[in-house]
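Only one chain is included here, represented as structure tokens and corresponding to the form predicted on its own.
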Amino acid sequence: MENFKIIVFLCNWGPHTAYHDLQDKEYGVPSEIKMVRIPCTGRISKALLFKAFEMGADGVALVGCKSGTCRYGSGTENAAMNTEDTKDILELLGLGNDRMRFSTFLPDETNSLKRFLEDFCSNVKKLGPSPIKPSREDRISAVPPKNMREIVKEHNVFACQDCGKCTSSCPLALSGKQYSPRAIAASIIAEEMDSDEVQKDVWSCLTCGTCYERCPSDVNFPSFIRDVRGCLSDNGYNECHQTHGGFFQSLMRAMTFSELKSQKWNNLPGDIKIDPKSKILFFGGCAPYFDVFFRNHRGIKTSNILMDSLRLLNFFDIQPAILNNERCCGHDLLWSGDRKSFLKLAKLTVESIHDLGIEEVITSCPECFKTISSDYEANGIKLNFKVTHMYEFLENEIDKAAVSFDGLDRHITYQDSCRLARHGKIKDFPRKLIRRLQPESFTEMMDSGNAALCCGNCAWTGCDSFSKALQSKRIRQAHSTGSDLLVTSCPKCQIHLRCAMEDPFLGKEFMMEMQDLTSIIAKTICWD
């Protein structure tokens, strides 16, 4: 017999009065239900709702006040919005949106509340247990943790000359933050693990790689920071530094359960052709989840990049395979310190690709490219296939094909992705492609290529006012080129820069149209 776990977040006001009346009538709440009393349903974020599923809940309900009766004003509306977003993400993930419900009650609607609880409990039982079932073994790492001495030695941090070139080039330091890579290195070498430089600033690092580019001793500071985060995470120092309540890390950990069957590719447009027997696979990444999570913000539609990538593959007579049960590549888990969950995801992904007999994986996501092409093997996971970024594929195909582009009457500037330009060493391909488009003009920003400014956040950690200052600086640089179109190559660059454009005071000044390069190519390419 299955033991079900159903969490009901119950508002402390109207619904709790109705629930209290049920208790007075000696109503026995189904044993599967755990009631969690809360101040207001509007305070239960998407991260908290999803956290319950990550921890093994089979169903989650949010029970609040009727619209117009919320003591905090907008609580009911916020709860409804968060519930719908979470339900859609559960559907994409393969858990099904019926495992999540939101309902409202007045204090005297005792019987209605009773029927709701019984109906929801019955419905969850019909759905069956969630495939996400953490065990004690899941909480114990099978990955031998590294200690700080090993990390310092592995990354040759002793070679640091204390010259300060890292700090003088660090985008965060230049945005006004009291932040120094060499100070972090010095503190860790001195084993001052409780210092602010370690406990706080390690999580602020953008891991953009600018310091590594400038380091005369060739100390790979981003990789060093990544492993330090892993060591700190093993000792319980991580979740308070994650943005959006740790939602995306929680989502990715949920994907480590092999029984979960993703539904992200279920609604492909009819014009896109795929072939499950193809030896070329397109790997999409997390864009569909981003679009749902951020859909109430300005113009976040990063899934278009995936659809346009597939259309371009079709244009060149490639009908790729896709992973019907595609998971996250694990980038954000690795770079936010959860190497154990990263390895679980990586192994599941590689096994699925190998099972299809794939010879080449093409991806348009810079983080997926960096992670699959180099981080997997660096962590002991062998690949039997090559990994190609979409820009390399496109440049090679266009170079040998009789294609042209419809006129692009736009003044363009380009935002480099850190994972593509500095980490992936792919900065020339996008520029070649932009020039093939023959725009009205193409003007580089003040900082570009290997010197390009980061969009202000990486792996959903450490976002603060200085990240916003960095994003503001980048947007001003884009405007200063006289361009009317900011071309991006990374979905997260779009998300973070659009976030900065929502500034309530400078929004009009900051506004600038953004499009991904892949989408621009897909819309303008044609046969001669």
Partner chain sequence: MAEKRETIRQGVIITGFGGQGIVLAGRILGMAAALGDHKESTLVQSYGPESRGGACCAQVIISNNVIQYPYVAMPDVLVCMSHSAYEKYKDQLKPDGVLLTDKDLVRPDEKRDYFSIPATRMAEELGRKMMANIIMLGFTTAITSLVSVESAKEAVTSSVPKGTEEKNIIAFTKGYDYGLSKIKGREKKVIGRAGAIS
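Positions refer to the first chain, counted from 1. From a predicted model like this one, the values you see are computed outputs, not experimental measurements.
The same protein also exists as the form predicted together with the partner chain; that form is not shown, yet it is the one meant from here on.
- The contact with the partner chain in the model of the complex, taken as any heavy atom within 4.5 Å, belongs to 314 out of 178, 314, 161, 263.
- The contact with the partner chain in the model of the complex, taken as any heavy atom within 4.5 Å, belongs to 401 out of 106, 383, 81, 401.
- The partner chain in the model of the complex comes within 4.5 Å of no heavy atom belonging to residue 7.
- With a 4.5 Å cutoff on heavy atoms, residue 308 counts as touching the partner chain in the model of the complex.
- The partner chain is not shown here, but in the model of the complex it comes within 4.5 Å of a heavy atom of residue 271.
- Remark: of stretches 113 to 121, 415 to 423, 161 to 169, 314 to 322, the one touching the partner chain in the model of the complex is 314 to 322 (heavy atom within 4.5 Å).
- Interface residues of 513 to 528, taken as those with a heavy atom within 4.5 Å of the partner chain in the model of the complex (partner not displayed): 522, 523, 525, 526, 527, 528, in sequence order.
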